[in-house]
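Listed next as structure tokens is one chain, alone, in the form predicted alone.
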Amino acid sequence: MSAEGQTTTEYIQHHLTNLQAGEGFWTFHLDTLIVSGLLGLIVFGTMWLATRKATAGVPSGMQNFVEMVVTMVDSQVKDTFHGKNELIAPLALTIFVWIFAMNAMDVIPVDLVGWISGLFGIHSTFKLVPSTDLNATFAMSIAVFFLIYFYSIKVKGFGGFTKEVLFSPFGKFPLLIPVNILFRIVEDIAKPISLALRLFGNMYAGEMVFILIALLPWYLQWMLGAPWAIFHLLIITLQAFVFMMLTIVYLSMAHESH
């Protein structure tokens, strides 16, 4: 339910406002940095401990789970990526697991953090889902964008990369070079934007639905919130998988030397 003394608009704005430090361009979203960092330490630390305790005998439940995730990601990389690069599989695993963990914060009740912080007299804003922050999703997509350019130049050479930009897709016709360059610019800009906005849009919309459900009377919140949370688990997993698969596809295209 909405906090006491808050209007519906104020309640929604409170839950959609990041905990910030700094001003202007150098404004840091502390909640995004804290939650994503802690999730990375917890998730990958747990996976590291599972591998340290791995056994060839009867595996533990955690070892089974880690092996299942690693096998799934590895099979997707083998089926999609056609170059030779030992970084792609670990990168894909990192992207899938980390984004899934950040997305999973969306199923935690929206008022829980505020209630806990209120016990200590703290009533500041705090967004618990990093992937509902456009800065976080763009940071990941831009990192992928730089990797695309890095491997495009490394695999094809600067000359080969330049020829690809100048003469693809319409061939070696001087009059069509500006068109080829324009197509390439649009294509390259679309990749990080689509990656970032797809993840952000789906998670932001899901968070908004949870906030609107929290505004309803308590006896309706569980009736609507529980089915939505169960359905949202599919969205959480799907968005992590889509981001991972598009990253693999884009890097596979960057490794094509022909």
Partner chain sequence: MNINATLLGQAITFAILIWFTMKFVWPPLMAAMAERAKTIADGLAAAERGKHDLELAEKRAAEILRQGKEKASEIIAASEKRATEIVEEAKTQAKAEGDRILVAAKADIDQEVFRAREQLRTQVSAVALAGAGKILGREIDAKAHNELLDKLVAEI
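Residue numbers count along the first chain shown, from 1. Computed from a predicted model, the values in this text were never measured in an experiment.
Although it is not shown, the form predicted together with its partner chain is what the next lines describe.
Student: So in the model of the complex, are 110, 202 and 231 all sitting within 4.5 Å of its partner chain, heavy atoms only?
Tutor: No: none of 110, 202 and 231 comes within 4.5 Å of its partner chain in the model of the complex.
Student: Answer with one of 167, 161, 126, 138: the residue that has a non-hydrogen atom within 4.5 Å of its partner chain in the model of the complex.
Tutor: After the contact test, the surviving option is 138.
Student: Consider residue 176 of the chain shown here, and say whether it contacts its partner chain in the model of the complex, taking contact as heavy atoms within 4.5 Å.
Tutor: Output for residue 176 is no: heavy atoms all beyond 4.5 Å of its partner chain.
Student: Answer with yes or no whether residue 117 is in contact with its partner chain in the model of the complex, where contact means some heavy atom within 4.5 Å.
Tutor: Result no; residue 117 lies far from its partner chain in the model of the complex.
Student: Is there a heavy atom of residue 90 lying 4.5 Å or less from a heavy atom of its partner chain in the model of the complex?
Tutor: Yes, contact at 4.5 Å.
Student: Mark residue 26 yes when one of its heavy atoms lies within 4.5 Å of a heavy atom of its partner chain in the model of the complex, and no otherwise.
Tutor: Yes, contact at 4.5 Å.
Student: Would you mind picking out the stretch of 186-194, 40-48, 222-230, 208-216 that comes within 4.5 angstroms of its partner chain in the model of the complex, counting non-hydrogen atoms?
Tutor: In the other structure, the partner sits against 40-48.
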